[in-house]
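Next up: a single chain in structure tokens, the form predicted alone.
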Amino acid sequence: MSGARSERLVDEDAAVALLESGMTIAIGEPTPMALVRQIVRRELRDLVVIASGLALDMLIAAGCVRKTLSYYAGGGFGVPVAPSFRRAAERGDIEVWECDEGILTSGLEAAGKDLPFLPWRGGVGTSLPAVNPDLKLITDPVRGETLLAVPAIRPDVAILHAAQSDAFGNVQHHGGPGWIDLFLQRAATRCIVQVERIVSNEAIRANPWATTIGRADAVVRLPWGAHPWYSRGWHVQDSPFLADYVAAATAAAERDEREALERWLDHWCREPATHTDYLERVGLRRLLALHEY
């Protein structure tokens, strides 16, 4: 039938099959941890990762990352710099593309608009152009100001987490989009969104202004898929769970004691073959204790 809509709903295996070693992968917030764990489990390597916080740190700890583009590689829990990121950066095991939030979003916006670069004022007069030679000082031809030219940043795949979608890839975040999710989606060649639930197209059209992403390339239903991070409208973050990771990663980074970190990665990322297997390990009682309201 001419003009018929195509369904974008896929299962977990089909979603992760779109991710390959060597790709540039952008990770949204709330964090799509179910897909992040599959990256670790499938042992993808040589990735360029646009992300922040402990999701980025976990991928570095698992040996998946070659280069990072991150405005904040912090760990929370009193850890200003995530431990695996710090160790890998100091040892030269990863390439760090230095930026702030404005530089990152400017590069993503340039890609979304199919431009070679966009100008940005932040960072002028600092050492950023020296430590990141991709950032070029230019003269504004209109007012004569000195600005930074930020090159376009185009991920191969953006992976996001949201509240719900219909089968046609019309996605709705609860309470609006994640912090840079829309920048990532517009810049990326493909966008995969994991959601808490699938709803009818009629439910989406009943509240069209809540639709944040239209026609995602792939949508996969993964309830509790952001755990141990939060999922707005569904559950809060599991802070003790994250603290366990930070303790293991810190021991590995600061004292070369990798045993606990490898056990953590094995137990929570490598051994569970599916997201359902992971949820069974977490346990229903623990999940229900995180209810947001």
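The numbering used is simple: start at 1 and walk along the sequence shown. Remember, predicted model here, so these are calculated numbers, not experimental data.
The same protein also exists as the form predicted together with another copy of the chain; that form is not shown, yet it is the one meant from here on.
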Kindly confirm or deny that 163, 255 and 278 each have some heavy atom within 4.5 angstroms of another copy of the chain in the predicted bound form.
no
Would you please decide whether residue 151 lies within 4.5 angstroms of another copy of the chain in the predicted bound form, comparing each non-hydrogen atom pair?
yes
My question is simply whether residue 118 lines the interface with another copy of the chain in the predicted bound form - judged by any non-hydrogen atom within 4.5 Å.
yes
Taking heavy atoms only, is residue 113 within 4.5 angstroms of another copy of the chain in the predicted bound form?
yes
Can any non-hydrogen atom of residue 138 be found within 4.5 angstroms of another copy of the chain in the predicted bound form?
yes
Looking at another copy of the chain in the predicted bound form, which residues in 160 to 183 have at least one heavy atom within 4.5 Å of it?
176, 177
